[in-house]
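Before any questions on how it binds or moves, here is one chain, the form predicted alone, in structure tokens.
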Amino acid sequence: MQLDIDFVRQQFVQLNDEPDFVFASNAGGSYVCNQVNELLEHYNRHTRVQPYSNYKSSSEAGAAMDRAKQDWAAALSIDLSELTIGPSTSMNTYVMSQAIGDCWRSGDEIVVTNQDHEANNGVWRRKAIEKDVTIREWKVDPDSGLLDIEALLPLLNNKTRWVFFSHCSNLVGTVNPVASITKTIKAHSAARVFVDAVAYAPHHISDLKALGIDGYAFSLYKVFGPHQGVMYINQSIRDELVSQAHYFLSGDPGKDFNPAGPQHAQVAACAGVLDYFKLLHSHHFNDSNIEMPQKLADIHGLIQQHENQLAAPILEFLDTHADVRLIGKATVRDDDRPPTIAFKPLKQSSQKLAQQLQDTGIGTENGHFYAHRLVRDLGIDPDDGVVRISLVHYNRQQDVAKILTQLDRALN
């Protein structure tokens, strides 16, 4: 079975605005599916009031928000009390650095990587410095940008409290095997594990209980949805954490880690992402009598196959070009390389090359993409950074053909 790309693209009205434009900056924020836009518009037009009162528009507003939260908890295989929907992953991790870090004591240790987006890096480092906690850095290979589990083991001991790493780097692209890494961490320490999945979730929504992690976060505005961040905190560790809510709301699982309070319309619209995935599953599999996690797993198979076909020729071109340094793995043969592809041109600036691609109707960018430490440690000037081509499942083979043609011209 192949992904029906025409059906997929019908669900994103923005793709029709510029039919010849190739949007290749999805890792910074994807297009929004029609289902999300419809819910957002309906909420703002008809139920834009304070929710959860007994009059009609208010009760409907609360019901719309509840549906989104309940649907996402079910999709992630977690309890509703373990779910927080906040403004963004950067804000969610900042809040969690206070909730988690206020429990640290002098002499404790944490492990961070230099592969992550700064949202899953700087907040923990700052809190550790404040609390006199030792920071251990799990370093990437300086040539490939990949993490090696063997390099993590010497960093773990009986003082390790938390380990923070990404499900997939927003530059290296390669998926880290979260379940096996987490199992190794817990076999060698009593540490908790928090995973940033912002760069992974656009390609697959995971069953979180199967991963064995304690915290997990991603941004829905990069998963075809509204500007919100989804976060999971395992119920078993909540008593270890400090509520960040107003004192009279402390203990409310929906408020403990979202001091800003819910953005009502945006939260309600989060349900639209899952409505889209349900429609995608129904179109391809015609089976509605299965639970959402299984539907997401079925869809993932189709999406991964399609995205592999998008990524493979671009990776091959860049890997074999003498004037390019490709970051990360050069193949998709292990099914662990989404089409988030970063590279450094060797004979011109990244900024110049990105501008040339933009001038031909390819939406890509250059920079460090908030992975400043990674770019620096790969020996690349963070100010100019790398060029990043980031595709998702609504991109087509025609897009790849145009990218390859224009890359060849720009590099030569």
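Sequential numbering from 1, following the sequence displayed. Treat the numbers as computed from the prediction; the structure is a model and nothing was measured.
Keep in mind that the form predicted together with a small molecule is not shown, yet the notes after this line are about it.
Only one of 117-125, 207-215, 272-280, 104-112 lies within 4.5 Å of the small molecule in the predicted complex by heavy atoms, and it is 117-125. Proximity to the small molecule in the predicted complex, defined as a heavy atom within 4.5 Å, holds among 100, 163, 327, 199 only for 199. Of the residues 243, 294, 88, 309, just one reaches the small molecule in the predicted complex with a heavy atom at 4.5 Å or closer; this is 88. The closest heavy atom approach of residue 72 to the small molecule in the predicted complex falls outside 4.5 Å. At the 4.5 Å threshold, heavy atoms of residue 257 stay clear of the small molecule in the predicted complex, well away from it. The closest non-hydrogen atom of residue 138 lies beyond 4.5 Å of the small molecule in the predicted complex. Remark: residue 222 counts among the residues lining the small molecule in the predicted complex, judged by a heavy atom distance of 4.5 Å or less.
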